[in-house]
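First, one chain by itself in C-alpha cells, the form predicted on its own.
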Amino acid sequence: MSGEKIIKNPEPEARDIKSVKRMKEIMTNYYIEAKTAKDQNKMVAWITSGGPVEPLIAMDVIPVYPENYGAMIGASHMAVQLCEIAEQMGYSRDLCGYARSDIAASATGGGPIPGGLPRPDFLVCCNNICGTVLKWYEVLARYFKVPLFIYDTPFIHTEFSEEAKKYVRQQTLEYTQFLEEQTGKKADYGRLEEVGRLSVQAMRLWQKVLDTCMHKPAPMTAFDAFFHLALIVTLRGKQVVIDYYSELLDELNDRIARGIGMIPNEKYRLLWDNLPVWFKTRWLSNKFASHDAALVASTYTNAWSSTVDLIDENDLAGSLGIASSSIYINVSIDKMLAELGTMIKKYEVDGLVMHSNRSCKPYSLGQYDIQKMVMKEFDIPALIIEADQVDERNFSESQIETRIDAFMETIKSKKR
C-alpha cells in the first residue's frame, strides 16, 4: 500500500470527515427517542458497553449506555465536578471515572444532556469488561429501584472450553427469559435472528471502516474512530448503523482515491491501546500530528468487530455469549499480545502507545509486561502514558508531552 499520491498540506476543511454531521443527527435522534420512550410506550434498559444488545433491540427495548454517557461527560469537561460529587457521596477516587461520574449524574441529573439520561425500566450488566460494573449497576438498581440482570462471562485463559460455551448459552436463555418478564411479551426468535444478521453486517462494515487505515496515508485516525464508534456500540442490530457505516466507508474510500490523509505529511504510524483520554483527544491528536504521526488503529475501537467471526447468524442465542466472552480485555495477556501482533503487522505501525488508564484496571494491568514483549518480539518502540479516561485531575500535560517527544525521537532515529 505504499507509493500512493499524498496531498502534502490539504486545507483543514478538506481533511474534515463530512459524515460527522449525519452521525450527530443519528445520535441526537437516538437520545430524543430514549428521553421520550414513555410517550411511545417503550421501555428503556441501561446496559454495559460490552453487553449483548441484540436481544434488547429484538424486543423493541431502547438500550442506553452509562459508559457512553461517561465518555460524553469526559469530552464535555464535566467529569471532575461529577466525580467530586460522587466522592462526597462516599465513593473512592480510586474507582472508575465512568462509574463515579454516572452515579453522580444519576443522582443530580447532571452531564451534557439536560436532565441526564432517561430513567431505566431495568438494567443489564455484562462483566466481560470489568468487575466494577457489577457493583456500579447494583448501586444504580438500588437507586432507581429497578430489576438488574447480570450476564456472567467466564475469563478466557487459554481456550474456551465446551463447558464454558454451554454456560454462556444458558446465560443467553436466562437473559431472554428476563426480558420476557420485564416486557410482558414472548421473545420472537425469528426477529432475534434478523437483528443478529444486521448486527453481524454492521460489525463487518465497521471493520472495513477501520481497515481503510491500512492505506498510506490513512484517511482517518483512531481519534476519528473513537467518535464514529458510538453507533456500533449503541444501535448495533439496526439498519441505520449499516446505512451510516456504508456512507462513511464510501467517503473514506473517496479520500483514499484522492490521496487525502488525515495527517498532513504522514510519516509514522502508531497503534493505540486502551480507552481514549476523552478530554484530551484533540490535544493528543495535534501533538502526534506535530511529529507527522498518525494513530492508525486502536485495540479499543477494534473490540466491536474482532469477535464477529465467532457469531453464528443462524444461531445467535448459541453464539452471542461466546463472542461477548472473547473480547480483548476478557482474555489472557498471551492472547492480548497475539492480537496486538496481528494489528502491528496489519497496519504496519512504527510504535505502540499504551494508555495506562487509572479508571480501567483490567485494560491497564499487564501493560508493562506487554510493553516489554512487544518491544522484544516486534522490535518497535512502545510508550506508556499515565492518565485517566475522564478524570482530568489525573493528567499531567507537561509530563506526557515530554514522554511523547522522547518516544517520537526514538521512532525517528529507528527509521533513519
Partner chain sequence: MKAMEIFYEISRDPYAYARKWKNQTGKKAVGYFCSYTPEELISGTGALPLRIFGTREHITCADSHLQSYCCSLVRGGLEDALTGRLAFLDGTVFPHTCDSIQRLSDIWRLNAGFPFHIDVILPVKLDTESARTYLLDVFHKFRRELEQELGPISDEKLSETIRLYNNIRRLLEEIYLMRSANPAVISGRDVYAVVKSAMVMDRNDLYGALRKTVDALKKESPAADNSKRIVLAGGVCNHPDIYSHLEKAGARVVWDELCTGTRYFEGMADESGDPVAALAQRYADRIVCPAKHCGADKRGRNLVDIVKNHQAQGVIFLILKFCDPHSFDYPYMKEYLDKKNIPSMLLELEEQLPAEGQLATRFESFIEML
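Positions refer to the first chain, counted from 1. Every value quoted in this text rests on a predicted model; they were computed, and no experiment measured them.
Omitted here: the form predicted in complex with its partner chain. The next part is about that form.
Enquirer: Heavy atoms within 4.5 Å of its partner chain in the predicted complex: which stretch in 368-376, 53-61, 27-35, 40-48 meets that?
Expert: Of the stretches listed, the one contacting the partner is 368-376.
Enquirer: By the heavy atom within 4.5 Å rule, which residue out of 305, 299, 234, 171 makes contact with its partner chain in the predicted complex?
Expert: Partner contact (heavy atom, 4.5 Å) among the options: 171.
Enquirer: Could you work out which of 218, 192, 203, 99 is the residue within 4.5 angstroms of its partner chain in the predicted complex, going by heavy atoms?
Expert: By the 4.5 Å criterion, the partner-contacting residue is 99.
Enquirer: May I ask you to state whether residue 316 is within 4.5 Å of its partner chain in the predicted complex, using heavy atom distances?
Expert: Flag for residue 316 set to no.
Enquirer: How about residue 338: is it within 4.5 Å of its partner chain in the predicted complex, going by heavy atoms?
Expert: Heavy-atom contact with its partner chain at 4.5 Å: absent for residue 338.
Enquirer: So, in the predicted complex, is residue 364 in contact with its partner chain at a 4.5 angstroms heavy atom limit?
Expert: Within the cut-off, so yes.
Enquirer: Using 4.5 Å between non-hydrogen atoms, is residue 104 touching its partner chain in the predicted complex?
Expert: No, residue 104 sits far enough from its partner chain in the predicted complex that none of its heavy atoms falls within 4.5 Å.
Enquirer: Who in 108-140 is close to its partner chain in the predicted complex, meaning a heavy atom within 4.5 Å?
Expert: Going through 108-140 in order - heavy atoms within 4.5 Å of its partner chain in the predicted complex - the hits are 127, 130, 131, 132, 134, 135, 136, 138, 139.
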